[in-house]
Each structure stands twice: as structure tokens, then as C-alpha cells.
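Presented below, as C-alpha cells, is a lone chain in the form predicted alone.
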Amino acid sequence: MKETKNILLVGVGGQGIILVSKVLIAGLMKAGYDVKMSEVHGMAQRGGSVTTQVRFGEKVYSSIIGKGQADLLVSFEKMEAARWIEYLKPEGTVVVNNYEIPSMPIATMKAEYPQNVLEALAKEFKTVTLDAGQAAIEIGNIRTQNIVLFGALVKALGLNDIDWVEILKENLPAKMVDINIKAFQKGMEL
């Protein structure tokens, strides 16, 4: 692949975004791609935004994705998709988890959660919406919704030729591998 691909993963602290980024990078590097990543998780411990930017291709010179340059935006929380949508290319795809985590102003009732976020996204961009939380509950562990989203990310990018099951085995604790493989496969299906 000569063209560099740009992926922006966004969400809220504690959703497993950085883990997904590290698993993605491990697989891409094993497949021979040049990969660069940058992450921002400033106030993540307080429920703030977390973002990672992953760029891969034959040769990548920078880890930074500019506005309007992301091929794929993966949002682990739907309001975060709206917050970061300006980074997506007009022809890009947004994969969004239909999941709400109220920010501090919303939790303290000083603001309301924005309505119709998914509809607004779908009007402007190719949008894939899934309920990764419900899928994770169905397979037995809500904490695997990040890997459900990872499966959807792999499917959206067409990266099926990488042995992701092996990559998951190499990068997750042994006791968590089996359920996360199920989560990954569920995300690929969704």
C-alpha cells in the first residue's frame, strides 16, 4: 500500500482506546507497514477525551493527522464523534458506538446531552453505527466493547489479511484472550 491511511480513534478515558491502538499498531507492523501513532489522554482520568492518531503505509513521516485528513474516525462514544468529525475526510467513514458517557456538565445537569448526533453524522458522512456495549454484554463482558469496535475498524479498513487473532493473543493477558476473540469476531460481523 503506497497511500498512507489515517485513522483517528476517539472516546472517553477508560474505554480502552489506547489498548486498541496498540493492538492495531502491532498487527500493522507485523504485516510490514510503516506505522506512526500519537496519543492524547490529558484529563482522561477525569472522564475527559482520549484520542489516538494512527497513520500507516509504505513510508509514514509524521504521526499527526490534520483536519479533513482522516480516512476513518472510530468513536467509542457518540458525542466524541461530533467533537472530532472535522478531522474526517469528506469521503471518509465514521464508525460510531451508540453509547453515551455524560461529561461533567451533563452529569451535574448544567448542560444537556446533544440530541440527534447519529442522524447529523449520517447526513454528512458514510456512517456505521453499532451498539458495541450491547454486543459486549451478549458475549459476556461489557469491558470488551473496545475490541468489538476494533473488529469493526478492521472490517471497515479491509485489513482481513492480518492474523488478528494471533495479534490479540500476543497483546492481551491470557485470561482475557478468549472473550476478546469473541468480541473481535462480533465486531467484524457488525
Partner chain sequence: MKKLMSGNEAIARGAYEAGVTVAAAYPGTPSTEILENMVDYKEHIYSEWAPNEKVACEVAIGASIAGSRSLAAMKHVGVNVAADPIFTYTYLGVNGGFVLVTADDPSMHSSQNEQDNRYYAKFAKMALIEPSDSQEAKDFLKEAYKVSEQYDIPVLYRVTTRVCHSKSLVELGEREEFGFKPYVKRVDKFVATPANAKIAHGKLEAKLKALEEYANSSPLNTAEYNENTNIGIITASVAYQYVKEVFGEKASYLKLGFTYPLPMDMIREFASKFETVYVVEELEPFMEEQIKAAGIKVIGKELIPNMYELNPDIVAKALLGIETATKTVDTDVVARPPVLCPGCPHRGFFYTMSKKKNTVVAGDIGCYTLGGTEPLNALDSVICMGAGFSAAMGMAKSFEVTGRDTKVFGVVGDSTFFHSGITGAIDIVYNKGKMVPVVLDNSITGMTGHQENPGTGKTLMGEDTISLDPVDVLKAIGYKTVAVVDPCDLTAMNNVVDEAMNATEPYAIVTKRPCVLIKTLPPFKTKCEVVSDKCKKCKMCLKVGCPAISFKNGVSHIDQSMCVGCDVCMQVCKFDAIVKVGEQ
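Please read these numbers as outputs of a predicted model, since none were measured by experiment. Numbering follows the first chain given and starts at 1.
The form predicted together with its partner chain is left out here; the points below concern that form.
Partner contact for S62 in the predicted bound form: its partner chain, 4.5 angstroms, heavy atom: Although its partner chain is absent here, S62 would touch it in the predicted bound form, with heavy atoms inside 4.5 Å.
4.5 Å heavy atom contact, M37 and its partner chain in the predicted bound form: Contact with its partner chain, yes.
L121 within 4.5 Å of its partner chain in the predicted bound form, heavy atoms: Output for L121 is yes: heavy atoms within 4.5 Å of its partner chain.
Its partner chain contact in the predicted bound form: M79, any heavy atom under 4.5 Å: Yes.
S49, I85 and M104 each touching its partner chain in the predicted bound form (heavy atom, 4.5 Å): Judged in the predicted bound form, S49, I85 and M104 all sit within 4.5 Å of its partner chain.
Heavy atom contacts to its partner chain in the predicted bound form at 4.5 Å, residues of 9-34 in sequence order: Residues within 4.5 Å: V12, I25, M29, Y33, D34.
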